[in-house]
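Presented below, as structure tokens, is a lone chain in the form predicted alone.
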Amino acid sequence: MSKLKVLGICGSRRDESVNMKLLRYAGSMVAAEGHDFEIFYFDDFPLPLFDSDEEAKTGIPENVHRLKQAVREADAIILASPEYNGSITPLLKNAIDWVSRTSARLQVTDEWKGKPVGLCSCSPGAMAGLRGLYHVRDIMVECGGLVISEQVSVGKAFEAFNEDGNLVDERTSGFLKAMISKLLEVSQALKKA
């Protein structure tokens, strides 16, 4: 079994984001399986709002190139998305749109195509961000991502983690482990192909 590189992307920039906590916990599970995990932090590499006129004038922004490269080099992606008004966050949608840009003139490709993607969400509400993940799934499928069927939604987010950042509910933790196992399995199969 070869070592995989998994990239985490969070749809929130909040310092105390429960989705970032979930993503970090997922990353610890990936690392426990012997694989590499890193998070693309939008605070370190902010993206401008997508504007095709601006893109035509100035090209692909440097931070977009960084994100596209991180996605390209990853064997798999984990997206952690809060739910805003029953849908995807503007931050995550903007990032997905930038990564999907293709241009022969600008020599860029759509890095989502054929990329295994796992989805998770965390929310204080009972629906646990589930409605938003439907939209994320639809968008990623449209972009050509290989979205695995297993996904994880964590409700009662402010009670979901202990002081160490681990999920306290073993059942929910088991769902996350199953999602990650499937994501790694698909990624390994693609790497061998």
Ligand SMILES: Cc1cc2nc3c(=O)[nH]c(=O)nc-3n(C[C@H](O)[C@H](O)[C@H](O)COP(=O)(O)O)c2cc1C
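Start at 1 and count along the sequence shown; that's the residue number. These numbers were taken from a predicted model, which means no experiment stands behind them.
One more form of this protein, predicted in complex with this ligand, exists but is not displayed; see below.
- In the predicted bound form, at least one heavy atom of E83 sits within 4.5 Å of this ligand.
- Under a 4.5 angstroms non-hydrogen atom cutoff, this ligand in the predicted bound form has S123 among its neighbouring residues.
- Contact between S12 and this ligand in the predicted bound form is found at the 4.5 Å heavy atom cutoff.
- At the 4.5 Å threshold, heavy atoms of H35 stay clear of this ligand in the predicted bound form, well away from it.
- Applying a 4.5 Å heavy atom cutoff to this ligand in the predicted bound form picks out S12, R14, E16, S17, V18, N19 from 11-27, in order along the sequence.
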